[in-house]
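As structure tokens, one chain now follows by itself in the form predicted alone.
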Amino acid sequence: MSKPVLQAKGLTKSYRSATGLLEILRGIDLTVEAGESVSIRGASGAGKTTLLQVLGGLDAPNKGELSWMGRRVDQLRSSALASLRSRQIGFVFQNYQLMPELGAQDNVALAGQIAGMPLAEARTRAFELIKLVGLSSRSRHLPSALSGGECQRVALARALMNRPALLLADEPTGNLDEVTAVEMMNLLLTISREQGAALVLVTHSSEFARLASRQLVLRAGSLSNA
């Protein structure tokens, strides 16, 4: 039996504030299998982005266990965690986080280079992904010369660069108009399904959330069925 792509057990996250301890996540349990899509909704300030950052190893939990592909990762050293994360997880951020001085193809290729892929191989795969998301004619354009929807497509291509087992998407349609948002969401779900990657999607949209194979809500630091 294959191991879950993502497994979280009892994850907690809190911060010290001027008024005391601020509890964001309280005993999060989550298992995501290969090819499964999971949407997470919640009120503004509920901790959705914090949850995604903890699940992706960008922020450390205070307590609990986190595993990727059956391997416990919450106790790894930062260098080992970063190396594993670059190969197993693809992130799609709301604000794209593209390098402004690099063209679309080179933004995508950079993710491969960081993971240790030779430059020529990285650029070849990057162009394949740019073509996959429908931007082959704009592969050399800087982010400043691309629309919001095009930037988000580049971000999706970058997330797929290292053939990740898990995609984590944080409000990927938040900066897009309605039509472009629908196109982006369909593209994200289709590609993740075809690539066989598990997907965890944070969204404020109940309409988009329902497109996932499983829907969850984050309330008072805990996950529950929608």
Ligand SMILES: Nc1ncnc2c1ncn2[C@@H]1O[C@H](COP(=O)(O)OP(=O)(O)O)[C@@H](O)[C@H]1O
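Start at 1 and count along the sequence shown; that's the residue number. Predicted model only: the values in this text are computed from it and were never measured.
Quick note: we don't show the form predicted together with the named molecule, though the next part is all about it.
- Using a 4.5 angstroms threshold between heavy atoms, Gly47 counts as touching the named molecule in the predicted complex.
- Put simply, Met69 is far from the named molecule in the predicted complex: not one heavy atom of it is within 4.5 Å.
- Although the partner is absent from this view, Leu216 stays clear of the named molecule in the predicted complex, with no non-hydrogen atom inside 4.5 angstroms.
- The named molecule is not shown here, and in the predicted complex it never comes within 4.5 Å of any heavy atom of Ala209.
- Heavy atoms within 4.5 Å of the named molecule in the predicted complex are found in exactly one of 161 to 169, 49 to 57, 192 to 200, 178 to 186, that being 49 to 57.
- Contact annotation for 62 to 96: no residue has a non-hydrogen atom within 4.5 angstroms of the named molecule in the predicted complex.
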